[in-house]
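Next up: a single chain in structure tokens, the form predicted on its own.
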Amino acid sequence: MKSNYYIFLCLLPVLSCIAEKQPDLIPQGYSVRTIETPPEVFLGIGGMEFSPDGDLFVCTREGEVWKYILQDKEWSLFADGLHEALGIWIDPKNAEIYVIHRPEITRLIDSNSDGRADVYETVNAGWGVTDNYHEYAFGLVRDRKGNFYGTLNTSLSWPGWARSKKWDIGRVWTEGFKDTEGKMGRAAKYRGWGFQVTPEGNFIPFASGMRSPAGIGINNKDELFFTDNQGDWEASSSLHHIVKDRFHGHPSSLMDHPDYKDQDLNAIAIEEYDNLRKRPAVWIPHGELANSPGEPTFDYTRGKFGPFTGQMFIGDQSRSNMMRVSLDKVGGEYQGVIFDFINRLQTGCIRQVFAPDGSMWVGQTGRGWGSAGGKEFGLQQVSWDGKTIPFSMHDLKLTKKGFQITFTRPVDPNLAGNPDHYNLERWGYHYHPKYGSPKIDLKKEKPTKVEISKDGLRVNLETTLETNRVYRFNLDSISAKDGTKMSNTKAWYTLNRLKG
């Protein structure tokens, strides 16, 4: 009897993990575990990073930095007194900790090795900040040359929302629209910009036209990406490739552009802004997939997180889901496809980081913004079992005549060979100062031709191709060769350019 009792005690952690409720939509082989956060602490996570020794550091919207020792499951406060910290970066060589919060990038130093930061060193404070609640500073990533990068939110400037005229600076609604259309402005400098901070600490405005760029990511080629949230001048939420001097569509930031100094931005025709802007690499359809996307993070776990190595993951604050992106370089520019991956988690997902074991840790917050998950804050771990290959669309790429869909496992040739089993829609969006855009010129059709590869892993579709459109694919009638169903049957591809 005694030995049975000890066996039961050993099984308790396993039973606890199995008993945890899993999301409604999750690929086979993946599971979610909720991490216990410090008691009586409002841990609204704004940034996450693993230190070289494998400990997790999180910064919070409450201005704190916490350390979590995974092996001991222990939390300790490392720093506090920051102003809504929304990004953290830890040097993988010397473990130095940098945090971005509203007024600056700060280096946190524990000079006496007692586990608490006692030196707060300003690295750069080259942008402006007021008491406007919407002036977030997001980040933080660093390239191999030692340059930091971050993004700056526009100010909430329309008095009808902001409840004050003191921030009503830089709103742009342009000719033909009402002056109530443009909601966001730049009450402080460089609002709506992505920026670079050099190793010497110099602030360099890098790219303009951002509205609410809530996340910035970097790949292993030092290419930068950010997500933006739907609003004025932003038809739907989106993912953009950042290149120096690009303009991404929101005109308020041009107040700080030398080429537009002292110009009346409302006197510039909307067509000029449209020609100047760089379209998103990937549209993230509002309401269908995301409402408030966070940072993009690349999977470089070399297969520890399943069959999606090299692809990008993005969480959403409002819908509490995780999405997956595969980029497609066409004509030298990025466009690509986005899938829902896990839906839904316990609260809003704006930050995620891969642990040394390949699991994904998702930092969450719902305070003030609200989220579908319901909780106000939290931390969850997403793991792959190391063996199960979920049946899924792995990738979707543009071809000269249509699209090629790659699957993780062979498809049923009878189901996948039938054009009626592919429901396609395509649409565009308005570019205007109004808040968001409906789908325009919506068209539905079936592919005109379907070809399946011999191994059953690839399907080529021929269909009408139209630029500046989002294509939605619904494959709910298609199963794997062994009868397995897909956990998510939809994909959204942004077609900006055709293949030559």
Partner chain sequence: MKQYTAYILISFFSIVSSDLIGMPDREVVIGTRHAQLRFSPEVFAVKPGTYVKLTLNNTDEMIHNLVLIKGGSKEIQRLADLALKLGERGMEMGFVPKDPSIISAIGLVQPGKKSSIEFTAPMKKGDYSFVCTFPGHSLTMRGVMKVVDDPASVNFAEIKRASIGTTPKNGVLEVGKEARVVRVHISGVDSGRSIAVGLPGGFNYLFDAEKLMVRMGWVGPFINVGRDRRSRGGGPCSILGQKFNVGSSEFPLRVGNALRVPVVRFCGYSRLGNPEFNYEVDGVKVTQTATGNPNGQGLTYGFKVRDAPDDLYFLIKPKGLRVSTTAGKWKSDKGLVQIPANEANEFFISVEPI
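Bear in mind that the values here come from a model prediction, so they are computed numbers and not experimental data. Numbering follows the first chain given and starts at 1.
We do not show the form predicted together with its partner chain, though everything after this point is about it.
- Each of 112, 127 and 130 comes within 4.5 Å of its partner chain in the predicted complex, counting any heavy atom.
- Its partner chain is not shown here, and in the predicted complex it never comes within 4.5 Å of any heavy atom of residue 287.
- Using a 4.5 angstroms threshold between heavy atoms, residue 426 stays clear of its partner chain in the predicted complex.
- Residue contact check for residue 146: none of its heavy atoms lie within 4.5 Å of its partner chain in the predicted complex.
- For residue 414, no non-hydrogen atom is located within 4.5 Å of its partner chain in the predicted complex, even though that partner is not displayed.
- The chain is drawn here without its partner chain; in the predicted complex, the stretch among 91 to 99, 170 to 178, 298 to 306, 74 to 82 whose residues come within 4.5 Å of it by any heavy atom is 74 to 82.
- 166 is the sole member of 430, 261, 166, 329 with a non-hydrogen atom lying within 4.5 angstroms of its partner chain in the predicted complex.
- Among 243, 269, 119, 204, the residue placing a heavy atom within 4.5 Å of its partner chain in the predicted complex is 119.
- Taking its partner chain as it sits in the predicted complex, the stretch 368 to 386 comes within 4.5 angstroms of it through a non-hydrogen atom at 368, 369.
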